[in-house]
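Form predicted on its own, single chain, as structure tokens, below.
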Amino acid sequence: MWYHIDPSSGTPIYRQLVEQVQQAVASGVLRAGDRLPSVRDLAVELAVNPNTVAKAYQELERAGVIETPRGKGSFIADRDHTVTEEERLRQFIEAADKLVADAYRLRIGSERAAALFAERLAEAERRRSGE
């Protein structure tokens, strides 16, 4: 599964879902056209309020990450057509800022953080290319 909720985290559950969907798309775990679980099914599976999942899906739709055709479910959007280069860069910088803050909080030096990032990026590229 691409999702895991940590109720003890200081991050709201809907935000955890948003970040995990974005990460799964970025890493190639979820691809354009993939169907997401229904709000009700995911809420039951995670034992959370359906409104929490609905809020996450609404935020993902506003960001252009998912599409929700009426009555058909929620699908990963073809981002090449729905998100501008400027928006992709804004989202990347936002994620990078969070990563930098986490590195400092966890006392991971810049060289080690850069090496770990390079490793994770290479792994994601291998997955995307089907190796």
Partner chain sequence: MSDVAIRLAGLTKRYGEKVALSAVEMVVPTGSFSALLGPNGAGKTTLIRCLTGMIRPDGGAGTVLGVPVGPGYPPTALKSRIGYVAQTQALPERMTAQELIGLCRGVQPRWNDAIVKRYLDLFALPMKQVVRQMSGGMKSQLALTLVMGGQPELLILDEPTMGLDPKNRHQYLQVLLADSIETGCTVLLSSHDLHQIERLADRATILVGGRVAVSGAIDDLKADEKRVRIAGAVEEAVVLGVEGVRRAVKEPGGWLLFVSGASEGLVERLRGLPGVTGVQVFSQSLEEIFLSYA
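Positions refer to the first chain, counted from 1. By rigid core we mean the largest C-alpha set that fits within 1.5 Å across both forms. Since this is a predicted model, take the numbers as computed values, not measurements.
Omitted from view is the form predicted in complex with its partner chain, to which the following refers.
Comment: 40 to 48 is the region of 57 to 65, 91 to 99, 40 to 48, 22 to 30 lying near its partner chain in the model of the complex, near meaning a non-hydrogen atom within 4.5 Å.
Interface membership of Ser110, defined by any non-hydrogen atom within 4.5 Å of its partner chain in the model of the complex, is ruled out. Looking at Ser8, you'd find a heavy atom of it within 4.5 angstroms of its partner chain in the model of the complex.
Val18 falls outside the set of residues with a heavy atom inside 4.5 Å of its partner chain in the model of the complex. Looking at 12 to 31, the residues that come within 4.5 Å of its partner chain in the model of the complex, counting any heavy atom, are Pro12, Ile13, Tyr14. Once the cores line up, the CA of Arg70 ends up less than 2 angstroms apart between this form and the one not shown.
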